[in-house]
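Okay, here we've got a single chain as C-alpha cells, the form predicted alone, with questions on binding and movement later.
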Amino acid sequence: MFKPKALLLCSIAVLAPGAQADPLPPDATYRPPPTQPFSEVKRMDEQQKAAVMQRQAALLGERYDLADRPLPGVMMSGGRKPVQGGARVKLAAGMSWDRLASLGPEEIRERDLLPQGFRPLPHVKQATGGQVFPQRQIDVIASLEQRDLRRFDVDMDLPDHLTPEFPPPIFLTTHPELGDVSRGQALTLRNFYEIMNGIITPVQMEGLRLLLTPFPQEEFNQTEDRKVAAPSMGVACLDCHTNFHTNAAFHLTPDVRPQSARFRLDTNSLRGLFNQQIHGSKRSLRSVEDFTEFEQRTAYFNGDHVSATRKGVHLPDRPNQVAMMAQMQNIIDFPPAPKLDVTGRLIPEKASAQELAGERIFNGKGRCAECHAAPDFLDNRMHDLKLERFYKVGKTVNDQVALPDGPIKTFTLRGIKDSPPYLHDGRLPTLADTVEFFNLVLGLKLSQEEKDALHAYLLTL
C-alpha cells in the first residue's frame, strides 16, 4: 500500500532532524492539486515557519562557519561588497584538509568522512520547494512595483554576507567604454527605460521589458496553492537574475523527480551568455532562445505543463519576443579584469608573484583549465564529478535524498568572485571552499601554498 502524498502537499508536517521522509507515490511526476482551503494552508505554513527555518539553520550551522570574515581589500566588481575569505565548510573532529586529501574515495566513504558541506544542499523546505528570494530583492520589488515576493512559509536561509553584492553592476559588450551602466540601481519595470534609454537599441529595449515583466509562477500567482498572501502577477526573469547577474535566489531543479530527489538550484549569472552554448544545468539546451522559451515551463512551473496551463503559462512568440529577449541577454558582458590580456592570460607586469603561480597551477597541476579554458573559462560541455565515490547515497537530510549529481554543465569562471555561493546548488560558500572541494574530488594533492596561489588567481578573473 502506498503512503499518502505527504511530501507533495503544502501542509506537510515538519520532520525531525534525521527522520526518513515517506516514499513518494508512483505518480509523483505531477504536482497534485491542493486538498485544503488556502486559508488553512496559509495558517499551517505560518505556524510551521519558525520550525522550518530553525531546522535549516541547524543544518547550515552544522555544515558551515557562517561568520562574516571578508578578505582585506578585496571587493566585488561593483565595489560595494567585500569578498568573503577562508574555507567555511566544517571538517570532522580531528580532521584537517591535508589529511582528508591524503585519503582515497573508498576510505572516505566507508568512514563517512566527506564533509557535510560537500554534499547536496537541501532546499530550505525541500518537500514544498519553489523559488526563494533574498530580502533585498523583496524590498526593491515591493517598493518600486508594489509586488510581493515574500513567501509566508519560508525565508532566505543564507546570511547576506555570503551572497552577491546587490544590486550588481551591468556591463555591456556594445558599450564597454561606459563601464557599469546600472547607475547603482536594480532594473525593474519602473526604472529600466530611464536607465537604459540611449544605450541599447529598440529591439534590446523590448527584450529587456519582457525580461522584467512578471508572469505567473508556481508559488507566485493567483491560485490557491500559491505561497504569497495575496494573488500575485508572478515573477520576472530578472527577479532572480538581478541586473543580469544573480542575487542567490534558489529553487529546485525542474529536471528531476520525485520531489525528495530534486536538487537545489542556485541562480547563475547571465554574464557572458554570448559565448555559452549550454543553458540549464541538466537540460543541455543549446541556444539562448531555447532556454528563454523553455524556462516558462520549467523554472516557472517546476517542469509541469499541466500546472502551467492552469495558472496562466506565458508562451512568448519565438521569432519576435523570444528573439528580442535573447538579443538583450547576449550583450551582457563580464566585469572588467584589468590583470588579464585579450587571451585571458595574466599580464606579468600587473600580476603578483602569487597570482602568476596560481595561473600556472590552474593550467597545470590543478587541472582547472581542462574544463575552464581561457578566455571565457568554460568548455561548453557537461561533466560528472561522481562525488558519490566519497559518500553513501540514499541518506535523507531535511527531506532531501542525497543522490548522485550526474552530469552538470561547466560554469564560467570569469568574474567568479562576484557569484557566491558556488556549485550548481550553492553548497560551497566561498572560493576557498571550492578550491578544497576540487583538490579532494580530483585528487590533486595541492599544498597549502599552492591552494592559496590558486585562490589568489581566481580573484583576478
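Note that residue numbering follows the sequence shown and begins at 1. Note that the structure is predicted; figures quoted are calculated from it, not measured.
What comes next is about the form predicted together with a small molecule, which does not appear here.
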* Quick check: do F334, K350 and D418 each get a heavy atom within 4.5 Å of the small molecule in the model of the complex? -> no
* To do: Could you tell me which of 393-401, 420-428, 50-58, 29-37 sits within 4.5 Å of the small molecule in the model of the complex, going by non-hydrogen atoms?
  => 420-428
* Heavy atom within 4.5 Å of the small molecule in the model of the complex: which of T292, Q84, Q259, S182 fits that? Just give me the one. => T292
* Asked: Taking the small molecule in the model of the complex as the reference, which of T267, Q204, Q137, S307 has a non-hydrogen atom within 4.5 Å?
  -> T267
* Should E224 be classed as touching the small molecule in the model of the complex when contacts are defined as heavy atoms within 4.5 Å? -> no
* Can Y64 be called a contact residue for the small molecule in the model of the complex at 4.5 Å between heavy atoms? -> no
* Does any heavy atom of M44 come within 4.5 Å of a heavy atom of the small molecule in the model of the complex? -> no
* **Proximity of Y300 to the small molecule in the model of the complex, heavy atoms at 4.5 Å** => yes
